[in-house]
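Structure 1 and structure 2 below are two forms of the same protein chain, each written out on its own as structure tokens.
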Structure 1
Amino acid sequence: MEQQRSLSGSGQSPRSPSSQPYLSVSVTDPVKLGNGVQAYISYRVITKTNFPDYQGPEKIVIRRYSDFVWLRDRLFEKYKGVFIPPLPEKSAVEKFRFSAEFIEMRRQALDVFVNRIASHSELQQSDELRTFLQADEDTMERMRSQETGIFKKKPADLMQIFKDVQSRVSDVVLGKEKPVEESNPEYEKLKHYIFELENHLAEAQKHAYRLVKRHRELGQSLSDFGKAAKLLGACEGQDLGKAFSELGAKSETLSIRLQKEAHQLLMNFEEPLKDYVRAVQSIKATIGERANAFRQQCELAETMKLKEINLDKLMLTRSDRVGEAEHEYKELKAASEEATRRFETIVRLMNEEIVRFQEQKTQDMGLAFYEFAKGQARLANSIADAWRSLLPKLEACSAA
């Protein structure tokens, strides 16, 4: 599923100002590799682009599910405030892990995932995405197995300070266990909306999934009924018998039609709903990050104030530790400002993201509804046509 998206205002290439920058990705060709418990599915990821840092115009790499997870995790850590596109679920019931339907659903979802990243103005610029799309398989494997978090090569000082602050402040200063929270009524509203939305969506998705099952069951029952009608027709014989046989045949035809529609329903309606639920869960994770950032900002501000007071005290007593304290204070001030910056970035990004999210979801749902309605109408028409074709024959029977 290729999506050609011309991306405006991003990655302008000085070498070719006339050609529009583009980045298009597709995830294709699932192949089962490995044996037994270690078996997994690998995908071909094809990148077509004219971005300067990329090996254009086309590059193909092989990736597996855990590579996608790596990409998602890295982006989540780095781009706090952005709603990182959701991934399809990690574990599946063992039995279905390699069923054709599951594999296809996952492939489709992964394709959507990468494309959403590729069309996001910030995320598409990331090193992580470039690595994911371009690195050879060995490099990818190395990156994937690297430890993350505290041992990152980022400037450790700020991170260190953050970590220290967290432990110290919560012990000494705060005393109380209750975490500090924003008192922003609009944000409260948003949080409440997101949490409620997940519940409603989950229910809708549950019924959508059941509906898929019902289609399958109806198909099965039509098949069984058709067979029985045929046997009865063979027994009855003559024109009545023929009528039964034809009824049976039509019934079996419709059974196949229903199974097909069940699959369509799964891919075009139930999956988008599931995707919607995942997206909301991703937003919840971002909400969590924002809360963390807010807490850190508060805590650092508190600590900084304390340090200031302490410094003043030391200056008054002309202690020889003033220099040291001054240095520490400067560092804390920088950290505090950084924390504030980070928090404010998250807030800004979230505000942008929520608008984009709502619009995107209206599009996604609109399309899903369209496909659903079209599918149901088509199915009903097939059913009507099939049964209607029997009527002249039945007429002939009764006229005889």
Structure 2
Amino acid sequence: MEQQRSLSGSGQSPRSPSSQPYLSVSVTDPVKLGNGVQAYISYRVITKTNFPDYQGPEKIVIRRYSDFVWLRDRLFEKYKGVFIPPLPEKSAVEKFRFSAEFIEMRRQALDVFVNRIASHSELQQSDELRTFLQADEDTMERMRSQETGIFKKKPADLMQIFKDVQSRVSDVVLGKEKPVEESNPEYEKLKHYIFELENHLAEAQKHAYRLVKRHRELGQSLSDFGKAAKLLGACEGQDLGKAFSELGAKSETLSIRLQKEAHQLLMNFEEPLKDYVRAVQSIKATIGERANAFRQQCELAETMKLKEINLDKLMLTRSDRVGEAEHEYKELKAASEEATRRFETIVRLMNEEIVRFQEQKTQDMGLAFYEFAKGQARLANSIADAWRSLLPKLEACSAA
């Protein structure tokens, strides 16, 4: 999965004046800070770039998970239509939250997350990314505290939002209101593909998890068997005892090999699959934003028609309210045109993003399955060689 960082740019030195624009980020050195429920992991985020808007060729800052969340939320709010890279989930199980394996998986996933942003032609130019990569810790903490949107609302406001949503859903269910949906064969095809892809990736990831578990269980079983075989060898005569002892030693060696391969399988196969499940969920969120933009465009267009009809009636009757109605109509028309532009922008960006996503998915999934096959072949050869080396001595004992 570390190979995915290759999409962040060239390997040219940011100090070289002749180099191409370059932005590379490394998330390193996870450190646990604090105790109890206040404990968290901090990371060193190292940026190397020749972008003129940055403070210098190299910058090191300290970040925590909530800072990455801030970056993703701000980008999602600002760049409608762009597939914002997904973040790894928080561990809901306390005992796993600070395990070495979980911390390394989280670090690796955060590294991929921020490099995908850094390699994106539009997102890499964002003020939010520049702030994330360069601001000191105090500034970053202040930025995090300035929540926007739904997260800034008071509990009473949130309750009203949920009531409004519930009311609208009830109207749809009861037939009072029909949901406004975009009718576009290509868009329907895209949605079907994304939902199917999510299901298949989730299924593949589930079985990858089982493979990791099976490798670990087999490794533990071989370790236990190796100890038992060595104890058995200690009770036997010279030839048989020596053969059993070697059998036990080989089993323990293979146990270590299986545990290492299980870890590689987790990091280079299961985690990339899980990351793409999250990526598809991010695309679904963008699809939701497109649906909202389309619905808003339709509602404003419909309201504008009604306003236009009302304005015509007022003009025919020479009403005193004509001036006010004309002003309202102009404002509504401007809002409707802006909503149309917003929707068209989302459609254009999504069309570009799905091409980029497909290309990147082909590269990343190809690498993940290649690493999986290579690892399994390597493991199978190691196991076969280990057992094969014991055959002459075991065969001699059985023939004696």
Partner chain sequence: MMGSENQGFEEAHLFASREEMENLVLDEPLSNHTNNHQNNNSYSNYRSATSSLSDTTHHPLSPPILATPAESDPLLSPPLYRNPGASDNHSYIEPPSYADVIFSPFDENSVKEINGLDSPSQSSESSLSLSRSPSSSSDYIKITVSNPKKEQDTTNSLVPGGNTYYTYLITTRTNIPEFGSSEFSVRRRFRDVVTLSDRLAEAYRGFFIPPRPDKNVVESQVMQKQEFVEQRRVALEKYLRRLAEHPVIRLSDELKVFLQVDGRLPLPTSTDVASRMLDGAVKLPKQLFGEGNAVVAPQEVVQPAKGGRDLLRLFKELRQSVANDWGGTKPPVVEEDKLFMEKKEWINDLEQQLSNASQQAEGLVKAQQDMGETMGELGLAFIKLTKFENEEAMFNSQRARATDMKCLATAAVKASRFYRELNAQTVKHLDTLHEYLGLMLAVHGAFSDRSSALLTVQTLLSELSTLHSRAEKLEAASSKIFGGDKSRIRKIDELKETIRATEDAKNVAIREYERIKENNKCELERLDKERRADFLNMLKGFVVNQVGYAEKISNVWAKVAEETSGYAKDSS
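Along the sequence of structure 1, residues get numbers from 1 upward. It should be emphasised that the depicted structure is a prediction, and the values quoted were computed from it without experimental measurement. Definition used throughout: the rigid core is the maximal C-alpha set that superposes within 1.5 Å between two forms.
Annotation: structure 2 represents the form predicted alone, while structure 1 represents the other form. On core superposition, Leu394 has its C-alpha offset by 3.6 angstrom between the two structures.
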